[in-house]
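To begin, one chain is listed below as structure tokens, in the form predicted alone.
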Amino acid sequence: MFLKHFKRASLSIGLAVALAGTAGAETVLRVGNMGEPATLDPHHVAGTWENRIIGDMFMGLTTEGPDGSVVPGAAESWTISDDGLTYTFKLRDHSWSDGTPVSADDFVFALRRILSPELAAKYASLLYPIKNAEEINNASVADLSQLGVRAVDAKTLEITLVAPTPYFIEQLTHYTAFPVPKHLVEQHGDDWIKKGTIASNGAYMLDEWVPNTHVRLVKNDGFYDAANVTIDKVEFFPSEDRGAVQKRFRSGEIDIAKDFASEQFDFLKKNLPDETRVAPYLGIYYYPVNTNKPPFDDKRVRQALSMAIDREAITDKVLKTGEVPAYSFVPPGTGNYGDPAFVDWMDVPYKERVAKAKALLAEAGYGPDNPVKLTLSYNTSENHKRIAIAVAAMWKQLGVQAELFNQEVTPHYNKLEQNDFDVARAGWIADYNDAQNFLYLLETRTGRQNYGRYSNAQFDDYMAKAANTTDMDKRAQYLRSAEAIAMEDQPVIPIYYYVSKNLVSNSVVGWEPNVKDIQRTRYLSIKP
């Protein structure tokens, strides 16, 4: 341990000497972030574009390493009880950016806050493994002190779970488990996130947020590892116009673009081969269907819509960037799972599937004289638009009349969360590498992120059984049985399994691809 610290200290001294001639020069990282954040409050965000900003500002008990792996964060160490239910964390000595020490009370306060029903946090259900979390969140338990979280002392936090949860340590890297500064939230309420008031415990803190223009963060000199953070400022630009962002990247105006239009892939490979980065990504691109709304409350209609989509045509002819056609909701290779439960018609030739889809619609009472009419909603992106146009053409074979509707990312997802749509585009990137993180989206209790409000008692029962067994093989079987039910019911239509698509300047050092596509700025540097 001492040797490791000695080497890092020596490196920092050497770097300081080497850069002495350029003292005062600021190092700035500019990121094309592909979305305007709804807020910077960790308890009210839900998107990958928000996570990139929030994750630079705040640090949970555990955090991501340079390669996306789980490493100690605000907690320098922890122990787990023999029964797998009690986690005891020792917090490292570190402070909020306003100088106030971070304490175990901040974590207790934050976890009670996000689970309180009054806050209506979008992502609260992710924390249901904690004892009494679900009961508090659904208001069946009113006393927040009953949550399985307590401060043993200022630097010791104890969390008790309902059942052993193999992914819990990784789950704590997620922003739902980030601390918030108790002293500021109690004093300022929702205004705590405003510039001049907000404090963060991560490598960066807020400098400026101009809506629809940029979010600028500056280095937090009080961060516990600030000596090894070399980038002084990071600017996140929200534009969802992939073509425009690509032009800015090529002109040197931004250093990282977090996506690019698929039709540009061949050009980019030829002209920017080193900067074009495509890698496996643990996520699913899918269409949720509103099961609350006729005719989509009829399973046969949902099945027909799914069968008629030629996924291979979308991945091979529309996208052409390595995406894999999806016939399950859980991507293959997900941890602790094995093979997912694919739809039973996966290997049926496409023409036969279309014929079966027509028959299902006819059986449900729809045809040329009574066509299914729907609105297909998607958020702004060249790729989303091209896929929606292709899918609408495929559905036209069935006599389905699909009207396309486009919005920016925040209002689009607001509509989904409010269950105000017919069929819509959505994407899900794993918060932790476990099948449960995909399937829980379809549980009745999940609420707003179960966009189509799917509810199946047998599905819920299998998910409950999986949550309450310590046998990993049985747990995988329960989860797979749940997925099989969902793939029969088709409340969601899987389209393809993601790959991450980034443009990364050769001047950026330390950027590593990983299945979660998370690269925190604290680990990066810029070559002069």
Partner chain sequence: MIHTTASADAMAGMEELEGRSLWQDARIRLFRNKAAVVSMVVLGIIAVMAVLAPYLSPHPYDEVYWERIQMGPDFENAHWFGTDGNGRDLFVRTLYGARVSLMVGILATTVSLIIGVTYGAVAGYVGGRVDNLMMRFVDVMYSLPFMFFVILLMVIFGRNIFLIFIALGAVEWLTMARIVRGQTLSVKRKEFIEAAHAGGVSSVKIIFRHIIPNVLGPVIVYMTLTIPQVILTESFISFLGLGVQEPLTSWGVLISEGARVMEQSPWMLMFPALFLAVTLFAFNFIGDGLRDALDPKDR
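Take the two forms, find the largest set of C-alpha atoms that superpose within 1.5 Å, and that set is the rigid core. Residue numbers count along the first chain shown, from 1. All of these numbers come straight from a predicted model, not from anything done at the bench.
Absent from the display: the form predicted in complex with its partner chain. The rest refers to it.
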* Structure fact -> Note: exactly one of 455, 100, 156, 380 sits with a heavy atom within 4.5 Å of its partner chain in the predicted complex, namely 380
* Structure fact -> Assert contact residue (its partner chain, in the predicted complex, non-hydrogen atom within 4.5 Å, options 197, 406, 444, 146) equals 406
* Location of its partner chain contact in the predicted complex, chosen stretch of 288-296, 71-79, 148-156, 380-388 [non-hydrogen atom, 4.5 Å] -> 380-388
* To do: Report yes if any heavy atom of residue 313 sits within 4.5 Å of a heavy atom of its partner chain in the predicted complex; otherwise report no.
  => yes
* So, in the predicted complex, is residue 317 in contact with its partner chain at a 4.5 angstroms heavy atom limit? -> yes
* Is there a non-hydrogen atom of residue 263 within 4.5 angstroms of a non-hydrogen atom of its partner chain in the predicted complex? -> yes
* How about residue 227: is it within 4.5 Å of its partner chain in the predicted complex, going by heavy atoms? -> no
* Taking only heavy atoms into account, state which residues of 419-441 are within 4.5 Å of its partner chain in the predicted complex, ordered by sequence. => none
* Comparing between the shown form and the other one on the rigid core: C-alpha of residue 160 shifted by 2 Å or more? -> no
* Per-residue C-alpha change between the shown form and the other one, residue 265, threshold 2 Å, rigid core fit -> no
